[in-house]
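So this first bit is one chain, no partners, the form predicted alone, shown in structure tokens.
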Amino acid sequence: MLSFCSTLKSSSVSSIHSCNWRRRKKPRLLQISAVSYQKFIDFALNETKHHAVLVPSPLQEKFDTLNAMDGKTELQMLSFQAPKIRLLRSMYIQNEVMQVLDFAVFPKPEFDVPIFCANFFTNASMNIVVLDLNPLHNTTFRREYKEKYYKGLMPLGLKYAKVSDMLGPGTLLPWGGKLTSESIKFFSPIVIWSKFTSSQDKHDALYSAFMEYYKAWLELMDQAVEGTDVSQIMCNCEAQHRYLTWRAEKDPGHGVLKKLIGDTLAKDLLRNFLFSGVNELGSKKFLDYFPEYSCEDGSVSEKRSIIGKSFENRPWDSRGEFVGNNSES
């Protein structure tokens, strides 16, 4: 979920109680661009079934399909689990002016495999995308973790950071501009963070990247061996909980969800579906992990950046080494 969706019109607060998590008849929707994110979801589910036995998550009974208060926007949720997968879930939002896909796969804490993450927004003219294998552990200081999971993937990341002969001219997925220091610490050296004008070539490149990144993630999961060291499992668990805590509190899509389904349901969706585990994997609160966001009254600052530094260009080199010391304020 991304903040640029905020162009959606607010609905009256009085209609908030008319929204409930339940199955509804799907409305007819206008195709607003050259891409449909449904095929991304279909690919991921079909590909996963070649590697693991998926079963519906207990979350699926509550979080399924919802029509928003504006009567024009549909939210579709899917969730599964597997022997090595704690939660595979997707949220697909669409109306007459935009599409949003929030797709993620969280490993069980016994495995230190990165988190697969795809956050895409599209309207008739603009796309803003994040595609990554989010590291559980800091790849700058935990070099063994970077070597284990990202050294072999650097050619894949570089492939989509420049024009690819295989994909054809004009398929560049450029760096999307400034990212805060707070955000960058949750990304890997192969992250695709991009903004581009809608075109068939760009959407084909994005779909190709999604397929390749997801296949790469599945291979990592296939090779992963279940950990038995209790301290390492606890470390993995806390790392995932820290990530979930950050996203549940600072996800920029919260404002959009509030406009679509109201504040109560938006918080429910964030904490109990999109970032499910924030209430179960650990007891620490947001300020325990990020004390710099504490206000004088003990509340959490609403700012999305406290450090005040950002990265205008990709802060990793071709070997995945962090070179972001020349960050901009």
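Small disclaimer: the values here were computed from a predicted structure and weren't measured. Numbers for residues come from their place in the sequence shown, where the first is 1.
Omitted here: the form predicted in complex with a small molecule. The next part is about that form.
Given the stretches 78-86, 144-152, 255-263, 221-229, which is the single one in contact with the small molecule in the model of the complex, using a heavy atom cutoff of 4.5 Å?
Only one stretch qualifies here: 255-263.
If the cut-off is 4.5 angstroms on heavy atoms, which of these, I115, C237, L179, A248, is the one near the small molecule in the model of the complex?
By the 4.5 Å criterion, the partner-contacting residue is L179.
Among the candidate residues K267, K62, R304, H51, which is the single one with a non-hydrogen atom no more than 4.5 Å from the small molecule in the model of the complex?
Here the answer is residue option R304.
Report yes if any heavy atom of N119 sits within 4.5 Å of a heavy atom of the small molecule in the model of the complex; otherwise report no.
Yes, N119 sits close enough to the small molecule in the model of the complex that at least one of its heavy atoms falls within 4.5 Å.
Is it the case that S183, even though its partner is missing from this view, gets within 4.5 Å of the small molecule in the model of the complex, heavy atoms only?
Yes - in the model of the complex, heavy atoms of S183 and the small molecule come within 4.5 Å of each other.
Report yes if any heavy atom of W175 sits within 4.5 Å of a heavy atom of the small molecule in the model of the complex; otherwise report no.
No, W175 is distant from the partner.
Is the gap between A161 and the small molecule in the model of the complex 4.5 Å or less for some heavy atom pair?
Contact check for A161: no, nothing within 4.5 Å of the small molecule in the model of the complex.
Tell me whether M91, V100 and V130, taken together, all sit within 4.5 Å of the small molecule in the model of the complex, counting heavy atoms only.
Verified in the model of the complex; spot residues all in contact, yes.
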